[in-house]
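Next up: just one chain, as structure tokens, the form predicted alone.
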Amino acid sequence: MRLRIILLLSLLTSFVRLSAENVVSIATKDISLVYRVGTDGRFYQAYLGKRLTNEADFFCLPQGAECYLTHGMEDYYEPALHVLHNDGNPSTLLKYVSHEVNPLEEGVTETVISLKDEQYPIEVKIHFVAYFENDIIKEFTEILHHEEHPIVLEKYASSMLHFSKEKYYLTEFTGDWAHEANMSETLLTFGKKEVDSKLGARANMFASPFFQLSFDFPSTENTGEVLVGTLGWTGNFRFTFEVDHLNRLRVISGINPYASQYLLPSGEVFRTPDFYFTYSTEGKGEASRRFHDWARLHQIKDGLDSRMTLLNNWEATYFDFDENKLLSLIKDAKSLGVDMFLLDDGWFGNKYPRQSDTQGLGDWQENAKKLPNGLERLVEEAKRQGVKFGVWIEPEMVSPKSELYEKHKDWVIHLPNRDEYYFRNQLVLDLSNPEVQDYVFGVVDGLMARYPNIAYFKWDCNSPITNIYSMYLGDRQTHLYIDYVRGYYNVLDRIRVKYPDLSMMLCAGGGGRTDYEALRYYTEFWPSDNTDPIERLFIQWGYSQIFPSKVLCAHVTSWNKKASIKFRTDVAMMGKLGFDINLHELSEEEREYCVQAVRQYNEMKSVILDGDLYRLVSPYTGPHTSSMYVSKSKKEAVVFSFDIHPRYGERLLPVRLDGLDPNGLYEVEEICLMKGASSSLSENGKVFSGNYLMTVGLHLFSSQELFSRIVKVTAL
């Protein structure tokens, strides 16, 4: 008996040692991603899912699919890497060489796996950065070679992940201008599904660079296994979902290789963008909260700081304004109680005054007729009123009717022998050109040098890349889409270094730029030009799947006047609150509500912007919707509910809250009421346990059309 025990212990020790030598594990608090070296020396993904706590189990896992499949070998489906070597051979075979694990900061480790081709001097390093507490993994790839001449990169994915499940349900986020981030779910069957962009600068106009993938069954907010992934790249992207003949799925994420063959010189490293993902076994809500926490801590600019409320002049004036009108609006910002006044489009150009969107882009000098004292008079008035000053720019773009176009047509992306095609009456400057990068940086730098009290830029980008040809790149035209984005980042890096405290809004004709790499430089983004509050409920619901409310700019406007000012304001209070409306078109009672809303928003802003989001009732499922934000301490919560178009005689059920302490006691209070109105909430002013609120719920909904309410839940 004793001999048997000794032999068993010996076998187990050998088993664990063998596992340690052949297995690479990337782990977070709740996720395991396990790779193993095959007997053929190649590197395979053995597992991705709920964390495996016993490391001895790793060696029991099946070998799985090859980690980073290449073109030209025995695989029959879409590869992660396709390279053309100097001798014309299009194949690559990668074998495991080594791996290393390095701590980056507390709770963050990086695992680097080195793979090489034994026949060609090419090396691929796959990086995995694990954010342990946030359950987020970042993956990117580095490609390096030492062949005599440049190799051609045909395909170069950031990530390839493999799954073997019964069914796969893909949720994608698509739309168009003023109709962004629409959610739709599709069952994936044999074949290939691609979500991609070929637009260049305003890359996300039709499809957003993130997805949700549910396994076996469609996931819900609180149940089901789901992979949520997003690419950090402000340009063309592609997600490929391919189900093979054995019902195995590969998910390939990265730059869209469309028209983007890349010549990589010997000794130079090609680094792919970052792909971020999480694997949740508790539905989409948990995955969202992981991304929100991670983003605030690790990714978005000033992620732990608060955000400024603002008044924008655009819908109050459009292009029709002068200095006196703007000075009056700055006073309105003060009376409203917001932190900042934002001057939008139309303040620049003299030879070609910016009176519409047909001229003036590129000529960033103040229009002498509209602003005889330049921006200085406005900046000083804002300072006198005690509000910050921000300004709109679109420095990557140029109007054909502009001085810049006349002087530097060589800086413009355009085909040399064809008629120019204009999107929104403009063209795109060539940021692959270092001279253009200097110019674009100079737009911000010049304004900051003249007016150092500018606190905010709304950086717009209203056109995709059209007339796709770079005078600068010459015979390297397939580099344009990639080098443009890299040039854009070079400019933003320079701005961040010189002006580290400068806040900027990422705007692209609405939500045409919504990615986590850009948010390293911007504090927030503009989700959509559509500010109809009903549509915004859907748009904000879609973006909240990936992004925290802190980065979602939400403005009160005059869109959909059938909705009350309360309804419109309540919708905007679910994000980073702003106003883009002529206050003098409102009644005194409506203006009073807006002032009250700003004050009460500021009181609960930390809960909304930094708390945990629980999406309670989806607008996709019926005529009502509700979401709530809970502070990290679980001491405070804010619940929003909206009745859009209730049906006559509809049975209204209570809404169960979430995220509270079940053993705590909470007081329920409806807030942000119109002057003279009293609460119709049956539970208003009462005290309930967290267990009751999450099990029974509150009667939040009504049978009134376009009715909204905000409920504050406070621990006693």
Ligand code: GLA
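These numbers were taken from a predicted model, which means no experiment stands behind them. Start at 1 and count along the sequence shown; that's the residue number.
Another form exists, predicted together with the ligand; not displayed. Remarks below refer to it.
Residue contact check for Y499: none of its heavy atoms lie within 4.5 Å of the ligand in the predicted complex. The closest non-hydrogen atom of V412 lies beyond 4.5 Å of the ligand in the predicted complex.
Within 4.5 Å of some heavy atom of the ligand in the predicted complex lies at least one heavy atom of R424. Put simply, Y120 is far from the ligand in the predicted complex: not one heavy atom of it is within 4.5 Å. For the candidate set Y614, W526, F211, Y405, a heavy atom within 4.5 Å of the ligand in the predicted complex is found for exactly one residue, namely W526.
Among the residues G175, P395, G509, P533, the one placing a heavy atom within 4.5 Å of the ligand in the predicted complex is G509. Just one listed stretch, out of 460 to 468, 543 to 551, 475 to 483, 150 to 158, contacts the ligand in the predicted complex at the 4.5 Å heavy atom level, and that stretch is 460 to 468.
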